[in-house]
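Following this are structure 1 and structure 2, which are two forms of one protein chain, each written alone as structure tokens.
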Structure 1
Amino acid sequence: MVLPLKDKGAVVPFATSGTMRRYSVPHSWQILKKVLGLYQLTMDIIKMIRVCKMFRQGLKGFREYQIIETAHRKNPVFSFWDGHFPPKAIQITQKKPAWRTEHEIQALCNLLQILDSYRSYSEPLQLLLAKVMRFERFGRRRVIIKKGQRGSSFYFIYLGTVAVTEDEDGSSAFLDPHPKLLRKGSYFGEMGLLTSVRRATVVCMEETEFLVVDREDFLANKLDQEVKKDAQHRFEFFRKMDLFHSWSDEKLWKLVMLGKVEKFSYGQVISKDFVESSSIMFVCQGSCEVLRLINLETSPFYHKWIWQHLQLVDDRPSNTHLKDLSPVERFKEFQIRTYPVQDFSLMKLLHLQKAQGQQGSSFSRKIKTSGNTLPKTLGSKIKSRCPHFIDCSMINTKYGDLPKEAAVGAYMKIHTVEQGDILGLHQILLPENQHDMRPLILISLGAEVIRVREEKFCDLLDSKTIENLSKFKIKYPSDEDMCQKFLKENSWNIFRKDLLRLLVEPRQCPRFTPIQPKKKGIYSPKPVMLDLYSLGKKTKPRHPVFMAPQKYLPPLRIVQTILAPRYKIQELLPQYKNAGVLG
């Protein structure tokens, strides 16, 4: 039993050598402990609020928050509330370079890591750029660089979009359906500091925020040498290509000046439709994938495939056809397959009339000609199986009706572009009426690309180069061929899983495994599956459905796998009649 002491303090029992000793804690320490706990709770709430705001800004904002988080807490950490350049960072850029402290320069350098073009520089140059950069914000239609003028600065785009045009006022960017755009993370104007004359006009397409490096600081920190190294790297890349063996160095340098290296991370979209982008892209490092969004609804092969599998759905539960049939059912199936389905009621009626005539009596009783009057052995033959009609909403297509839920699409990989390959030249020699204008998506697998305008590239072509371009003809497969390939791969993947499940059946007494809490994964395969078993059933989807935008059409649901009714694998492979062969 513990008795309280007379003084104001907490009583803490403590056992030593079987005895209980009382130690009193000062009241001030208890108050300090409560204050510290309240402070920690307040800081946790502030952090949670900031993280929640990052989530509301989307994945891009959350990624920025992770990148700028510094390892040292003494450096300032900026908060992103609306995606704009933080006010504290603006205050740093407004100072003169000599007045900025090391902590401020390091914090600004950490903040600018979200810009791909900034990360391409070495770490010492990043610190130099963070030391001399200043912040600028311009509105829509503001001309940043005018063609023909002397270059005085180069720019990093922190937020917004700009267009590169050939006219002086930049008005053509708002009339061109596919202007050359530069977005967040890009930079421009560095070559103008070397040549002293701007070769193009840059205009803001929306309110845009820039980080500007002036010419004096650019030359003082020897950044011009880095730009020259980058240009020399592009020149060597073009010189190694067979297409440009006949070009002179002067002509090749013109091509070098038309484009610059753009870096893309793994899985990043380079172009949503490079067919209409009017650009020639040279893959100088890494690889890319060419994808095509296939609308399966427009394929006659898909219609035939869907209805062939839906015929396996009958009035029984969706999984009963995968079980073994009883002996009675197997005998009925044998009868149906052996004898034709016929109605013998008229033959029975004729036989009874002859029998009554031989006995000399009149026959006036009406005979029912339904299947119930037939012998029991033939009754099941007349009761033919009626097709199962699925009760679900249908849509009318040019190939017939199709369940509405089965009108889906899929992304198909049709080509892989490796280092040294060129995109956009496969139709450059064809007349416009023969061009394949299907949208093709270009996805980066960790690639560096040099993008050049098609009309500028065509101005440099000569007869020898045009002759070599005939080697770059690539004919992409049709949508119908890709649809058939998708369904064949889908059937093979399902068959492979069924066979593996049959051969390696789990043991009846599985091994003991400790129960671990299930963690919610980022990726769930259910949103990209089409289950034909669930057609017509009222089920509440517990997962989001991925919808891809279609040109001139409403969004299309995207799937990766189609689960369809199928025969039992023992019927297809009788040699694997017993399950668990490899178990």
Structure 2
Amino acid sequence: MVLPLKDKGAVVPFATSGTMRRYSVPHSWQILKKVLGLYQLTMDIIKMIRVCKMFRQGLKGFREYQIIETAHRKNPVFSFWDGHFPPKAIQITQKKPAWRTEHEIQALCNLLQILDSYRSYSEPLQLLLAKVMRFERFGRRRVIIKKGQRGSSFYFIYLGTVAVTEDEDGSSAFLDPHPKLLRKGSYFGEMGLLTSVRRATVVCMEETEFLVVDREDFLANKLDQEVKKDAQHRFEFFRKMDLFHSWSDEKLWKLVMLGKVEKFSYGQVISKDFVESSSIMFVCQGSCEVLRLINLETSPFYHKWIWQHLQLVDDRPSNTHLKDLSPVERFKEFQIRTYPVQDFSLMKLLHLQKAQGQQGSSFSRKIKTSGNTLPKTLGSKIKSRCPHFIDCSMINTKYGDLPKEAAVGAYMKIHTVEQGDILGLHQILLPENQHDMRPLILISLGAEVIRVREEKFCDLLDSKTIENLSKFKIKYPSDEDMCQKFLKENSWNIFRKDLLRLLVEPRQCPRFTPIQPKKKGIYSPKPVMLDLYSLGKKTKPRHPVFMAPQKYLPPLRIVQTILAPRYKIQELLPQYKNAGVLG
């Protein structure tokens, strides 16, 4: 709303009558702080970060749609999109090149922007290819290229997956647990057109759609130059690596021919079990995360941790407990727990001892929560909670009983590999019986990688390279170490939230809640939380519940966080009731 000039002051609350002061810097800061509200600002930033994160993760599925959508807006020829090559586009590719109109060629060109390899070509080349390419669709197990035969076509994969094999009929792809796969957006068949003999067999792993360019068009449109450019790019990438300093160009070209650049979008799984895949991965661009799926139940530290926290569960309903404890109180609790005062340390020690003592014994179906667990040294001032029992089912594990619901797994990040890093070399020199075979999952953070089969790479190794490789020894942390780190991070996250709520003044006005349609329960973040308050309480199952893949772990619920009960300051050290810099 635009106000008349003389009324402008009215839109600025807290304005003083002095015009000079109204526009001074400290005053505008006050306006920012009070009117806009630092709280509002922080919450907006947090919301934006979350939205961006969700968007980036969701982008994987929608990336293609977005590209298609822009193409549509530019040239709305194809009226629907379900992932397959649209029927109208098929009709165009069925026409002879000379009969395709300019408009149709442009429309095809727009549609093919979703293919990484095609998109990387110059626009004139894209148009030339759109003029000549034809469409083909083949079913699972269909052999597209046979090793040793003469090559006559070049293929872009529009939809589906093919495997590259060394045998003639491609059957090994269906037996190999980690076949060499090429997916949507990749191309193949270029080598046979450059050298006239097919170097490998290519077989469809599922129904696959291709756009095919014949040899004459491939050469006439100088596609061979593009293919050579790609290979040169890989060569230069390897040339810069310290590991290959001693390699001759000839030898390096052999490595270049062993793999192609594969692009993965943000959040896409590159390998479900990198260790078992027996491949070496070179990160050309972007980065990826190495994750482990860990069964927390196998950690003695987790056992201790759970039992220590379960003793603090009180009998109030889970959400009221959280609401009752204000951020200020929770922060004070934290402060007290970290004070090195004698009585507190002693209390903590006693508490830990007690928890450890209890851990050895087998628990019944009822867990006794804290009542008389508080140390007597703290005197009569301390109000201890009434003990009560949580009724829940237990499972028997190596380290004793554990509430069934607390038997969960979590994906944990081991490290991030960046551009120029190599994965899969860390145990290449170790004898097989000393290999750490724990599965590692590789997730792309928007990465471009070159994958090479380990045995093919080993064929190229010489003594100098082997000497260099001995520097690549990395020892991945034990599962137990990772469990401890996970629980520490969990506590840190709780603390961070407390601190934020404490530092940022809550808004005076009521929270804005948009009118929400009735929840259908399709998505809830709850399934990825283990809430120790709700153990033994009947809660509605929510979906999706993420379960560990059976191949690696028994069916376990996957969690991201654990909500744990915490000490109350009044119960522990009433003399510090008013402690706290911000209290």
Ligand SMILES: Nc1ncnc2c1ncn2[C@@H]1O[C@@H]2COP(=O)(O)O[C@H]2[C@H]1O
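Since the model is a prediction, treat every value here as computed from it, not as a measurement. Residue numbering: structure 1 sequence, from 1. Under this definition, the rigid core comprises the largest set of C-alpha atoms superposing within 1.5 Å between the forms.
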| property | result |
| --- | --- |
| Displayed copy of the chain that is the form predicted alone | 1 |
| Turn angle in ° for the smaller rigid piece between structure 1 and structure 2 | 11 |
| Backbone CA shift between structure 1 and structure 2, residue 140, after core fitting (angstrom) | 4.7 |
| Core-aligned CA shift between structure 1 and structure 2 for residue 131 (Å) | 3.3 |
